[in-house]
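Below sits a lone chain in structure tokens, taken as the form predicted alone.
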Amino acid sequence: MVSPSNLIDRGPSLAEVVARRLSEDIAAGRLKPGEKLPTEQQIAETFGVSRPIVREAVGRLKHDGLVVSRQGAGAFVAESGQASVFRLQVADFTDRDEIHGIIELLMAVESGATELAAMRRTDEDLAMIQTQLDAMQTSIDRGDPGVDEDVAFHRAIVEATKNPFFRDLSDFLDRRVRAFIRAARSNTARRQGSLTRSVQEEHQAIFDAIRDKDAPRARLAAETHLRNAADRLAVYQLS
């Protein structure tokens, strides 16, 4: 059975929270390989969420290879060794080693994509990246964190690589580490002033390098942006 826990507060990404709680039960052996999951209704009551949220959470676990469905029987914990897909969750933003590992992964993907975008972008791609950069500035001027605009800016860069595998991996990372982006960005917005301007200056440097088709400079600008994002999150952790 699912381990007892406090009910989950209402808010965005409830399905991710439920999926993480269930995956923790699986990792800890509270839900064992081959064991049938509790019913949707039981899980919903345990966590204080709706059945559609539970359905989405279990779907995430299936996607991650942690849970399998058996026709007419329900959902079961995957047998040991059956989960063969890559999984990534950022569960603890106070774990500096975990954040460092995530930053290294993001840096490898984002800097590589930005370098390719500078080499391959079309005028249409550049116009889309500019549109998202302007949207971020509009959001900042309103006093908003601009997380969605930030994600859209980097997504436009990934699209400019013309590599669908980069796009798919970027989508996966967005879903799994969006909370990291949100925490760093929101902290910057709360502090305002020069930090907020610095973030947009970093984005502008990335755009300028892509515009100029300067691949090495684009890669360096992306790496610098991510290192600074990690520093901003560290400031948040210490505050």
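Take the two forms, find the largest set of C-alpha atoms that superpose within 1.5 Å, and that set is the rigid core. Quick caveat: nothing in here was measured; it's all calculated off a predicted structure. Heads up: residue numbers just count along the shown sequence, starting at 1.
Just so you know, the form predicted together with the DNA exists too; it's not on screen, but the next bit is about it.
In the predicted bound form, no heavy atom of residue 208 sits within 4.5 Å of the DNA. Residue contact check for residue 48: one or more of its heavy atoms lie within 4.5 Å of the DNA in the predicted bound form. A residue is said to contact a partner when one of its heavy atoms sits within 4.5 Å of a partner heavy atom; residue 52 meets this definition for the DNA in the predicted bound form.
Although the partner is absent here, residue 197 lies well away from the DNA in the predicted bound form, with no heavy atom inside 4.5 Å.
Partner proximity in the predicted bound form, defined as non-hydrogen atoms within 4.5 angstroms of the DNA, places exactly one of 71-79, 134-142, 153-161, 114-122 at the interface: 71-79. Contact with the DNA in the predicted bound form holds for none of 170, 204 and 219, as no heavy atom of theirs lies within 4.5 Å. Screening 35, 64, 40, 214 for any heavy atom within 4.5 Å of the DNA in the predicted bound form leaves a single hit, 40. Core-superposed comparison between the shown form and the other one: CA of residue 112 displaced by less than 2 Å. In the core-superposed comparison between the shown form and the other one, residue 39 has its Cα shifted by at least 2 Å.
Relative to the superposed rigid core, the position of the CA of residue 60 differs between the shown form and the other one by 2 Å or more.
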